[in-house]
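Next up: just one chain, as structure tokens, the form predicted on its own.
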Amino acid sequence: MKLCIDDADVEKIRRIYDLYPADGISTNPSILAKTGRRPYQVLTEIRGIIGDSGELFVQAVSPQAEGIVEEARKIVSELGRSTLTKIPCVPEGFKAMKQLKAEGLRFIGTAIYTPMQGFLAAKCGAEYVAPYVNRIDNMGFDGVQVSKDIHDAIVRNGLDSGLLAASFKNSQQVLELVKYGVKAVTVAPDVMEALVKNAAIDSAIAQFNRDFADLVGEGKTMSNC
């Protein structure tokens, strides 16, 4: 399973990539707007951090298929072949997906709230489909279960696609889909940090360090004791 980061804050991305086994960066127009910088300026800097092989997800904003296709071509020409265009799963989006598939450009279906949106995007050739887990929860439905239903529909119909589940509020939601074997998840940096944030872990490590200091002296490690 791939683990991606949902953010455009360059310093946060740099920290996550330094510490954790991240596979890519997912952005959207709202995330880019928070930076207050020009989109390609930020995205080019992110590409420099994650390297040529890291997957970068960038959303098209045109309302019509022709505009979406034009954006996708520009996005890939500027940011490289490991960049995937995020396309909303609406009628004009599906039309654009079919054309991009014919051109051999990679894309992801996004803004997914229902299983059939995800299934149709997969049928159009989307490499990933992105259900919004927590936003679905906020509508009164079960975002994790909707994501599982989409995953099952893709697998059982033999489609060459997979989930990039998004919009998480906590690490438990992530864990449920990790256990289910989805293709990828994308999480905000604070959710990523919460995956290993636990008072019991901190307490155990502190006790180990105190015991070792009592044995060999304060400040000593296994490299100089």
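This one's a predicted model, so the numbers in the text were calculated from it and none came from an experiment. Throughout, we count residues from 1 along the sequence that is shown.
Below: the form predicted together with a small molecule, not depicted.
So which of Ser167, Ser62, Ser171, Thr35 gets a non-hydrogen atom within 4.5 Å of the small molecule in the predicted complex? Answer to the contact question: Ser167.
Residues in which of 192 to 200, 159 to 167, 46 to 54, 175 to 183 have heavy atoms within 4.5 Å of the small molecule in the predicted complex? One stretch meets the cut-off, namely 159 to 167.
Even though the small molecule is not shown here, does it sit in the predicted complex so that Lys86, Tyr132 and Arg135 each have a heavy atom within 4.5 Å? Judged in the predicted complex, Lys86, Tyr132 and Arg135 all sit within 4.5 Å of the small molecule.
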